[in-house]
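One chain follows as structure tokens, the form predicted on its own.
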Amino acid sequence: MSIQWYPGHMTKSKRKLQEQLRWVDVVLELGDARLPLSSRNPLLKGLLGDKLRVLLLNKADLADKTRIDKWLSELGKECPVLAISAMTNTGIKRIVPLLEEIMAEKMERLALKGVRGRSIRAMVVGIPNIGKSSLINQLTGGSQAKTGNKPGVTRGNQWIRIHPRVELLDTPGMLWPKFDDPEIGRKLAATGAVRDEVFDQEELAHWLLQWLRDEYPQDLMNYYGLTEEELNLESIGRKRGCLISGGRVDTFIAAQIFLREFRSGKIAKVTMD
């Protein structure tokens, strides 16, 4: 079953992005290092056409380094790609030199036409809650962009100078009209890209718990101090003191705590694709 989720402002964002593409030289596509494929909007490829593009896989500090290295090698065949973290500043200083490198030919052509000293114009695009505002704040060295930890907080567009020779156009996040593959929807929800109200929290937590049991069982057992047989939402809730009358576990609260601990990278460094 496909999951429909496409707020009105997303449709507007898509239209606006199409209009603004003509003003930029290069697109910075921001993805999640935990979801190198699932966090990328499949509509973007068609929208961007032959526009120069750099893929930045953010939140690398929360990702499985071994898996990410393989993805960097694979995705690098498509376009330049960097693993970064806007939270820890990892890889941020490599972005501007890379932009200058891939734009060198175009800037040379402009210089021959008498256009000298023009800034490289870049645009950052990506799904909501992917860390665009945090990235811009790192690039500018200050709080130039409004940031929030909820999808869709940054709605307006603004130009921001991130370097003497680079200007950046910020755009709102843009999800696609529906998740045809429920697995992609679950992964996005698990990492916090989709509003919690869209998915049943307990159902999502059960799914994620099973996924971690399959992929990172040792990390899971170590973090919660549970045996493999005990790895369930009720045991986690009991560990976290989510008790209600009669000594029963409030599994809804347990699910919320579990999801929060997963998203912050406390349980394990994971790459889900």
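Numbering starts at 1 and follows the sequence shown. Note that the structure is a prediction, hence the values are computed from the model and not measured.
Absent from the display: the form predicted in complex with a small molecule. The rest refers to it.
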{"property": "Of 134, 119, 201, 140, the one that lies within 4.5 Å of the small molecule in the predicted complex (heavy atoms)", "result": "134"}
{"property": "Sole residue of 102, 110, 87, 184 within 4.5 Å of the small molecule in the predicted complex, by heavy atom", "result": "87"}
{"property": "Interface membership of residue 28, the small molecule in the predicted complex, 4.5 Å heavy atom rule", "result": "no"}
{"property": "Touches the small molecule in the predicted complex: residue 212 (any heavy atom, 4.5 Å)", "result": "no"}
{"property": "4.5 Å heavy atom contact, residue 127 to the small molecule in the predicted complex", "result": "yes"}
{"property": "Contact test in the predicted complex: residue 35 vs the small molecule, heavy atoms, 4.5 Å", "result": "no"}
{"property": "Contact segment among 39-47, 225-233, 244-252, 59-67, judged by heavy atoms lying within 4.5 Å of the small molecule in the predicted complex", "result": "59-67"}
